[in-house]
Each structure stands twice: as structure tokens, then as C-alpha cells.
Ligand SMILES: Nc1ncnc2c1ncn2[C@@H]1O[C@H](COP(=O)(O)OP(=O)(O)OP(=O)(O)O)[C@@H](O)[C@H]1O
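In the block that follows, a single chain appears as C-alpha cells, in the form predicted on its own.
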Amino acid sequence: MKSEQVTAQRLLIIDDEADLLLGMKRLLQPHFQHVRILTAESPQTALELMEKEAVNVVLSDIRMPGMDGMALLQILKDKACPPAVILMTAYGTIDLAIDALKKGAYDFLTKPFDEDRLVHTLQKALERQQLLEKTSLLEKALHQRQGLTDTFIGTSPALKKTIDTISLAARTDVPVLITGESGTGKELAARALHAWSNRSAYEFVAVNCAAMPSELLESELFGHKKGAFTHATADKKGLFEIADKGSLFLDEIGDMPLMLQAKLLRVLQEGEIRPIGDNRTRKVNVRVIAATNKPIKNMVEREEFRQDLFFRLNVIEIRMPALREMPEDIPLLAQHFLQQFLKETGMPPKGFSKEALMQLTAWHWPGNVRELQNLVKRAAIFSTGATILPDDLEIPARQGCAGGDLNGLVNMQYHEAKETVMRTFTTQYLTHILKSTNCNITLAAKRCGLERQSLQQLIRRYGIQVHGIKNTVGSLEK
């Protein structure tokens, strides 16, 4: 699917004096060379014109025969994609200006105009509308992702493989084990697995096995009878009963005590539970989805996790890819999180600069998607303009490790440190090769001793911006 392009902007000036329209068009054209300036001598003509062409900003007189500017404002603000409306009049009063702004006008100007103020006001209105249009197109693109709206954002092969696995697993009722680093979206995958299954009409219940002590976790999962222990003042349903016919998500399963692992194994084998203090068992029909960020196979070898339970849970394994494995998805995710946060908080529209998106793509994201989401929120709060710049991102300076300084690696696990060094080396090496070949992929692959396809895969994996390198080389040659 081709991406939609933001159309050229249009400014419509409305006034019943033809000479004024001609003069204003001549005045503004040098300031807005890439904007199409349209004119109309009445609101009725303007509305007919806007049926044929989308308009970004309307500059309209208030006092005109027939329909006046205030009535036109009321019509325009009810449109699906309303233009920014700036009203102007030779009979301006403070009360009239306040009334216009209350009714939705972007601004109010009094004739005769101060040229600088007029140009500045129109520039700001056009910039605002362009940002709103880009945001709208981005949201539309995100919502067209094959029924995955509000679930998974991205188009990378790593993410597509995970989605395909979830889709296939959703057709069955067997237990599923979701693995992956912290912040990769394991609960999101579990919720998708439930939502796409034939259990979606019933409860999805989630519990963090690491968040509560053993005794409390047992009561939460299996329930208890009144008087079973101190403070058990009433019968309590366990989460297995609550999730009956639905799905139970056991997050951080690697932290479940061995004693509870034995009870969980019985539920998986027999399909029944026994509440604490009860001498009877109860049948339950629950799909168990477990998740862990720990190397659970190693835990089995060290006898820290029951082997029989591991085999019961690991009928289907869904591995959530780390964010550094899908750099091409980072700009989409960042834009999604930004627009989501702006909508939630009511903040004015904002977007990322190209340089900021490149910096986001280059970072290795030890905290994965959760780290990206939190960073985007901070950047939205502390950036002062409508564009988020690299300085607003506050990305830690830990990318220089490949040059011999290993101090930044001491707090990382081996696989993360190795990936960081490999990413830095590969990015710097390939960038140098691409610059030296003026981004000729065939020649660059030959110099690297790689197949052309292998080089392209590395470029995509590490988010290397070939066009940016090419532009840099071009400017140096000039």
C-alpha cells in the first residue's frame, strides 16, 4: 500500500470587494510561494469552491451582503476536516473579537492590516493545519493495519512473524508461553491471543506472579473458603474460576514458587482446582497463557522451575522481539505513542523532526517498547515547540562503546552488551563504506565481501538512513 501524501496547502480569501482581494493576493503571494491562494467574493461562492477543493486556511471578512463571516464560521467549523478560519473587519471591537474566538475562529484581525502580523498569523495557521493533516494521515495509516488496530504497530519481518504465530495459536486452546525481554509487550500479545480466539466473549484475567507473596498468590489463583486462614472472613472465588471459559494470563511465571508450580500443573493436567480450606475440587475450563523475561530453559536445568510444568506450558512458544530487532518500526511506534499521549492529555499538536526520528532509530532500547513510550511522553511534555528535536529526547549517551570504551557496558547483560557493540560497529562500518561508494549498494557489498541482499538486510536491521548519507555526500561534493 502506498503511503498517502499531504496535499499542497490552500489559502482562501473571502471579501465582497474585488480590488481588496486582488491587492491581498499580490501582497501575500511572495510570502507564500508554495501555497495556492484562492479568492471568493461571497461566502456562498466560497462554499461552492470548497466543495471542489480542500482548503487549509480561510481569511474572511465579517460584514458582507447575504451571509456574513460569523455565519460562515459556524458552517465551516462543523465540517469533518474544518479549515482554520481567520476573521477580519474594519469595524473591530473587543467584544466582537472575543465572540469570534469563542465561536471557533483561529484569530481576529482589524483593517487596515499590519503586514507583518497578517503574514505571521497566516503562517502559524498554515503550519498548524499541516501538522493536523499529517497527524490525521498517520492515524489513518495506523488504523488500516489488517485488523490489528490499537494492538500492534509496525511492519517489520520480526513483528510480522510474531503476529502470524499469535494468529495461529489463537485458533487453538493449548497453553502458550510468551517469552521476551522486559518491555516488549508480552501482556499485549496475551490480550491479542485472547481477543482473536473463540474465548473472546469471556473473561481475560491477568496476574503478576512476582508481585505478591506465595500464600497470597495461592489464594488469588485458587480462591479460599471462609475460615481457611486468619482474615479469611468470607468465601472468595479464585482467578481460575473468574476466568472460566476465558483466558488466565500468568505474567512472570518464572517467579512462581515451586510449591505453587505443582498445583498449577494439576490444573493443567486435570482441569480442576481446589480452593484453600475446601475438600472438594471444582472443574474449570481456562486457557492458560504464561509469560516470562527469564531464561526459563536454564532455570529448568538448574531445577529452579519444574520441567514437567515447562513442557505443559510450552506447547506453543511466542517470542516477542526486542525493539532493536525491528528498527524500521521505531518511527511508527514513536508517532503512535506521541499522538496517543497528546490526545489523552489535550496537549497541542506536535511531531518529530527527521533528525529526532533518526536518533530514536539508532538507539539500542534496553527497555524496549516501554522505554520508547516513556521517552516519547517526556519529550512531548518538555519540548517547547510544535516539533520535537533531538535535544528534547534525552537519549543516554551510551552508543560510543565500540571504540574501546567499555564502561557503558558494565550494567548490561552479556547479550545486550554484545548487541550494543555489534550495532555500533556495524552502523559505523557500513556508514563509512556507503559514504565511500556514494551509496552504490552493489559496490558497497563487494567492498564488504557480502552479497547485495545480505547488505540490504543489515541496512534495514540497523536502521541506517541511506538517503541521509547520500545527501551528506552530495553536499560535501558541492
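Residue indices: 1-based, along the sequence shown. Only a predicted model underlies this, so the values are computations on that prediction, with no experimental measurement involved.
The following text describes the form predicted in complex with this ligand, which does not appear among the structures shown.
When this ligand is considered in the predicted complex, only one residue from 281, 285, 198, 182 comes within 4.5 Å through any heavy atom, namely 182.
Listed residues 388, 100, 169, 333 were compared with this ligand in the predicted complex; 333 is the one with a heavy atom within 4.5 Å.
Looking at residue 242, you'd find every heavy atom of it more than 4.5 angstroms from this ligand in the predicted complex. Taking non-hydrogen atoms only, residue 159 approaches this ligand to within 4.5 angstroms in the predicted complex.
None of the heavy atoms of residue 228 is located within 4.5 Å of this ligand in the predicted complex. Residue contact with this ligand in the predicted complex: residue 202 places no heavy atom within 4.5 Å of it. Within 4.5 Å of this ligand in the predicted complex, a heavy atom is found for none of 42, 46 and 75. Between 120-128, 362-370, 348-356, 79-87, the stretch whose residues reach within 4.5 angstroms of this ligand in the predicted complex through a non-hydrogen atom is 362-370.
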